[in-house]
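Next up: just one chain, as structure tokens, the form predicted alone.
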């Protein structure tokens, strides 16, 4: 579950005030809005990357408002993947597990599982410079999911992709969500993408958050 209770967050002179919404446990929320409307600022507040000015952030029923990003246990995919240029695909998938001191056997098993889910087996030895946009996003998604988070935040993960790659990653996201039932908040400005994925559809308009009804329930 992702729940915001009367949250006010801002950067400089910009501010979103008294934002409240809930994405249920295992739900898929999509947040829409124009460029500069505050979508990323709100997502960063949920991840703990930006402090809030007032209100409460709850993840899986737990008040994490004052907790560090590491303690929140959120998987995060930033815009355009933001992969480390010096690491191979395998090392990206291993990264969060090494930091968390997983055993070598457990890391190997998890990397094999993620590689199979995301179609990354042929790419494990490669570095980001040789990857397509769709491949980059699959690696970024695998890195975010590697430590089995209960909450996943996606910041416009499909914005830089062509139509074919966008459809491919949408299918990947649907499959991963069905398999893991991770609670997702996904930012996009693409209406078709939002309607395909959203169980809970939210829109920021003129500084306020609106709850909308997707055309069909997931």
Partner chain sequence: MNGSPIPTNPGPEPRKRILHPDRVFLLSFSILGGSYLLLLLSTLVADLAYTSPGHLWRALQSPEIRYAIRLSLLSCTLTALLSLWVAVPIGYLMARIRFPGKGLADVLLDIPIVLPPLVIGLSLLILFQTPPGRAVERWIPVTYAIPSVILAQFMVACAFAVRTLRATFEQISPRHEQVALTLGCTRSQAFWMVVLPEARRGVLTAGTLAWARALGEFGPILIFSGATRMKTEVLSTTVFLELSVGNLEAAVAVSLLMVAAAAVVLLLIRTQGLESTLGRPL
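Since we're looking at a predicted model, the values are computed, not measured. Residue numbers count along the first chain shown, from 1.
Although it is not shown, the form predicted in complex with its partner chain is what the next lines describe.
- Here the chain stands by itself, but in the predicted bound form one stretch of 188 to 196, 62 to 70, 165 to 173, 26 to 34, 62 to 70, has heavy atoms within 4.5 Å of its partner chain.
- Within 4.5 Å of its partner chain in the predicted bound form, a heavy atom is found for all three of 40, 49 and 74.
- Listed residues 120, 131, 96, 111 were compared with its partner chain in the predicted bound form; 96 is the one with a heavy atom within 4.5 Å.
- Residue contact with its partner chain in the predicted bound form: residue 143 places a heavy atom within 4.5 Å of it.
- Its partner chain is not drawn, but in the predicted bound form it has no heavy atom within 4.5 Å of residue 107.
- Contact between residue 82 and its partner chain in the predicted bound form is found at the 4.5 Å heavy atom cutoff.
- Proximity of residue 125 to its partner chain in the predicted bound form falls outside the 4.5 Å heavy atom cutoff.
- In the predicted bound form, 155 is the single residue of 151 to 180 with at least one heavy atom within 4.5 Å of its partner chain.
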